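Coming up is one lone chain in structure tokens, specifically the form predicted on its own.
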Amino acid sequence: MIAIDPARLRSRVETLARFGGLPGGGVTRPCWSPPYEEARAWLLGEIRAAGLEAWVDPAGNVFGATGMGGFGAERPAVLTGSHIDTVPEGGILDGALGVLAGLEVLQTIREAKTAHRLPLAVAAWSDEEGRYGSLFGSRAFCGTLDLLRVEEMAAVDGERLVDAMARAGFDARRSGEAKAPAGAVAAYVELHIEQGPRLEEAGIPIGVVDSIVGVRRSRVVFTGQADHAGTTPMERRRDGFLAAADYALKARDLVVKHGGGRSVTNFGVVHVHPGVSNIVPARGELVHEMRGPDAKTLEALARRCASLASRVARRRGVGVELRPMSATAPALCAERVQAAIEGACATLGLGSTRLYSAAGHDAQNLAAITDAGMIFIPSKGGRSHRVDEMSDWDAIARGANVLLHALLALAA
């Protein structure tokens, strides 16, 4: 039975981890950064060394393929992939596994001369982690990128997307040219670590994803009054940070109460201005993220949180402004792709279970233009977005082999 080369896949995973690698383990490799551009150049070299065609589109997405010179509706491709950018102090598998396993699968199929009717391709989508714009590359490819907002897209530290892309040799204003022709993708399958504990705790080797959560991010800015921290009486203070803190705690309780048991929320970025110990903060700024698998629930939570922000601001005598940053809709995975994954598991004698993805992925954008799905493998301890993120190497090989047979079934 055709199978991937586990040693070759492991070698590529470990080599990619060196780009932006940290002394104590883990990786910091944000999209468009120098380590990312070095990794992109390395990946293009690996794609070509594997005997595949290689190209980069105007949104910075990297592709490798068999039997095609680009995307076209006349011969739609079965596509796999993920991303090679990371969060700060992230792990070596989040995203990278799906890209390198996809490359390994395509190389294995080419070397074995295994017949497949449709062409196969692997993608490394740009800025999946959303330093500048969440799922940026796959949104551009799928035609859902808001081109009017490209000029204003920026990282939380203020760096503009147009400047970051220009430094890497790309024109952000041309990102819309990355849109694939209608009908150019026959199916999409993404292999990923689960990033949670469900598979490991259940002792199940493969997760067949049936849906992917939507993610909403907003800046919430409370503006009060700067005052002397020693001489201003407590009852007269209009503290922007305390309003932000009050909102964060109450919003968490609101999501827990009204989120249907599957919605989550986080405040991962906090800015206080002017940010010195002897001045009452004039402004407290949060980046508020909410995730959930149900679109109506997410929309209701957004309305409730907007109302909550107004109430907190009135009670504390400050102003408030909500600035939407990004929003992705929950997506259902295609039954046809789920069946192909389960068929691959049966062929390989592997147990599987259906489950939803609690993290956002490029697959949810692809689901808008084709039949899309995902394969999960267990994460050790459920850990991800941290330097000790890992999966067992045998689990990685199993996931790659499931991807191989699922892609062949979809391309047959």
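Note that residue numbering follows the sequence shown and begins at 1. All values reported here derive from a predicted model rather than from experimental measurement.
Absent from the display: the form predicted together with a further copy of the same chain. The rest refers to it.
With a 4.5 Å cutoff on heavy atoms, residue 385 counts as touching a further copy of the same chain in the model of the complex. a further copy of the same chain in the model of the complex comes within 4.5 Å of a heavy atom belonging to residue 266. In the model of the complex, none of the heavy atoms of residue 104 sits within 4.5 Å of a heavy atom of a further copy of the same chain.
Within this chain, residue 342 is remote from the site of a further copy of the same chain in the model of the complex, having no heavy atom within 4.5 Å. Put simply, of 332, 226, 109, 155 only one has a heavy atom within 4.5 Å of a further copy of the same chain in the model of the complex, and it is 226.
In summary, among the residues 295, 270, 147, 322, the only one with a non-hydrogen atom within 4.5 Å of a further copy of the same chain in the model of the complex is 270. Considering a further copy of the same chain in the model of the complex, the lone stretch of 74-82, 272-280, 169-177, 182-190 in range is 272-280 [heavy atom distance within 4.5 Å]. Although a further copy of the same chain is not shown here, in the model of the complex the stretch 63-92 places heavy atoms of 87, 88, 89 within 4.5 Å of it, in sequence order.
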